[in-house]
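Next up is one chain by itself, shown in structure tokens, the form predicted on its own.
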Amino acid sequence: MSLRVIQPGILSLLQDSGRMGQHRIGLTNGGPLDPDAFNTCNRLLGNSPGSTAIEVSFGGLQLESEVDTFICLTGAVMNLRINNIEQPRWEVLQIKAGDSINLEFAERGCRAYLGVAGGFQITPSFGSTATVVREHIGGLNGEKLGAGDALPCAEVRERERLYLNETQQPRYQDTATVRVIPGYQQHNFDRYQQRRFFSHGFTVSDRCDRMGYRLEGPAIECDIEGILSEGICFGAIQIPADGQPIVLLNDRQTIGGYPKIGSALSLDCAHLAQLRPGGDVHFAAITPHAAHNALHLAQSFQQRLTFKERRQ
């Protein structure tokens, strides 16, 4: 029993919550670029946290169901059609064997999450089903979804038809403010360069992917050209020789040799990853204490999300 891929779209990947604790052997995290949308998808479906779903980048995914079950679509604004009838997003929907499921291309944001009741049943690799194409690991043989792929899932006859009220759904924009926690290499950027970094806007370049978002704007100069390669964290903002910042995301390499001006707050990395090329980015400095407060507030907001049940 499965959902069959008819058209995979530009980039559709199976993802769970990520492959943690494997940096020592050179494996990166993977996982959803927008964890809030991913987690809400699983919560609506009544799935275990971190259950495997499809991350759909930019849209264009077409599936055919070979099983009776329930699905839910969250994240970027992509019109969802079942048997060519438009359906609500952020809501649990029943599907029958033979139904067609189409996601159109994104109108706002660029990462959506299509979950299924019980999650897709994929064999984990190194403790996770997260697909990292560069490492050829996770998902179905470490590859993005392709036409004809079968996505195993269970037959499910009953599920609460939960939905998230529209007033609580995120609003995706073409601009993002990314809060930055200073790093120990910040002193390698003089005060003028730091002011230049925080006072100018940057644009998302065409070279943005799950490894990192390369930005274009005023060149930022550093008083060193490079460092010995060292472990790098999620959200690290590297400044390569051309002075154009790179914000590292889920599929980043585990070590790097470019100096770093700081690290982006993880909450804001999710907003950044919803931007398409041409989106605007501004940076704002934040203290570690304020960053912790922001994370706690966001976690509290997520826990207070209330779902309603659709009665028929």
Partner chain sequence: MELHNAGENALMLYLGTETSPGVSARVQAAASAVEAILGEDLIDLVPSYASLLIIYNAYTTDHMSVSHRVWACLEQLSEAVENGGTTVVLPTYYHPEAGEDLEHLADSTGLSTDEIINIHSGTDYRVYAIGFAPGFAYLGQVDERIAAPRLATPRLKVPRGAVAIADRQTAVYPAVSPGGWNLIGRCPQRMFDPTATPTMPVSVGDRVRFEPIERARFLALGGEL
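Positions refer to the first chain, counted from 1. Bear in mind the structure is a predicted one, so any value in this text is a computation, not a measurement.
Although it is not shown, the form predicted together with the partner chain is what the next lines describe.
Task: Residue among 243, 49, 277, 26 with a heavy atom within 4.5 Å of the partner chain in the predicted complex - done: Checked against the cut-off, the match is 26.
Open item on the list: Quick check on this chain: which one of 216, 209, 149, 135 has a heavy atom within 4.5 Å of the partner chain in the predicted complex?
Closed with: It is 135.
Task: Segment that reaches the partner chain in the predicted complex - one of 99-107, 196-204, 78-86, 227-235, heavy atoms within 4.5 Å - done: Only one stretch qualifies here: 227-235.
Open item on the list: Is it the case that residue 10, even though its partner is missing from this view, gets within 4.5 Å of the partner chain in the predicted complex, heavy atoms only?
Closed with: Flag for residue 10 set to no.
Task: the partner chain contact at residue 65 in the predicted complex, heavy atom, 4.5 Å - done: Because no heavy atom of residue 65 falls inside 4.5 Å of the partner chain in the predicted complex, the answer is no.
Task: Contact flag, residue 181 vs the partner chain in the predicted complex, heavy atom cut 4.5 Å - done: Yes, contact at 4.5 Å.
Open item on the list: I'd like to check something about residue 22: if you look in the predicted complex, is any of its heavy atoms closer than or equal to 4.5 Å to a heavy atom of the partner chain?
Closed with: Close contact exists here: in the predicted complex, residue 22 approaches the partner chain to within 4.5 Å, heavy atoms only.
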